[in-house]
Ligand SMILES: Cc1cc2nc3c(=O)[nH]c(=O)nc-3n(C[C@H](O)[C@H](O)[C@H](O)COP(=O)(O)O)c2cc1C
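The chain below stands alone and is given in structure tokens; this is the form predicted on its own.
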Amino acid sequence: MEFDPERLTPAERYKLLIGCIVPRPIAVVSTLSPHGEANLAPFSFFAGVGSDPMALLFCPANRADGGEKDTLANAKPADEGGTGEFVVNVATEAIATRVAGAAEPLPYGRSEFELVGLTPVPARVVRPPRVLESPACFECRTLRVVRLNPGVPTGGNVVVGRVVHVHVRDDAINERLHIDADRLAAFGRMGGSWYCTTRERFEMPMGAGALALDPASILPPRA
């Protein structure tokens, strides 16, 4: 099948994106409003940007009425009316249902921390709290917001943040800064309401060395 995006509705484009771009890591983003009210929301359009400077991005779409979601309203730079800070907390299996629960649309100013029972604790550098139950958290200052369709329902936005502090639980990292994937126990988003774990993994070299391998010999057996 072939598709011209201009002939598809936003909902149809979204289905193609979330069905094909898999698995997607989930950023559980905590922010503070300019009045000091805590907010928490998950975003699976999320990625690292680079290591110099250490930066990441997440993509909050506009609300159905074209307005900014609470996370974007809070995380945008101070000269645009936000606080310019946020924390990305890694989504893990132990808090999976509470991560999904934080997507519940609440009135602006009401805290998703209270709704889902996650614990806000002070961050080291930025004002928004981190999530105590997450084993890895990235404190960020917003570098810029790219608005792809301002004021349009479900219009896309890209929030780029510079990481200014990293918290990793001691048992999930070693002295060489290698993360223990089993102890991190991250989970990701698939299409629709489906998710996946990171428990099935395989190792292979990068570049030409991978070409000599038979995929069947390194991939976990399919159920």
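Residue numbers run from 1 along the displayed sequence. These numbers come from a predicted model, not from an experiment.
Not on display, but discussed next: the form predicted in complex with the named molecule.
At the 4.5 Å threshold, heavy atoms of E112 reach the named molecule in the model of the complex. At the 4.5 Å threshold, heavy atoms of T92 stay clear of the named molecule in the model of the complex, well away from it. Within this chain, S44 lines the site of the named molecule in the model of the complex, having a heavy atom no more than 4.5 Å away. When contacts are judged by a 4.5 Å heavy atom cut-off, G81 does not count as touching the named molecule in the model of the complex. When you look in the model of the complex, the only residue of G117, G151, P105, P77 with a non-hydrogen atom within 4.5 Å of the named molecule is P105. With the partner removed from view, the residue among V146, V121, A100, V125 that has a non-hydrogen atom within 4.5 Å of the named molecule in the model of the complex turns out to be A100.
In summary, the region of this chain contacting the named molecule in the model of the complex, judged by heavy atoms within 4.5 Å and restricted to 174-182, 47-55, 160-168, 60-68, corresponds to 60-68. Residues are counted as partner-facing when one of their heavy atoms sits within 4.5 Å of the named molecule in the model of the complex; in 186-208 these are R189, Y195, in sequence order.
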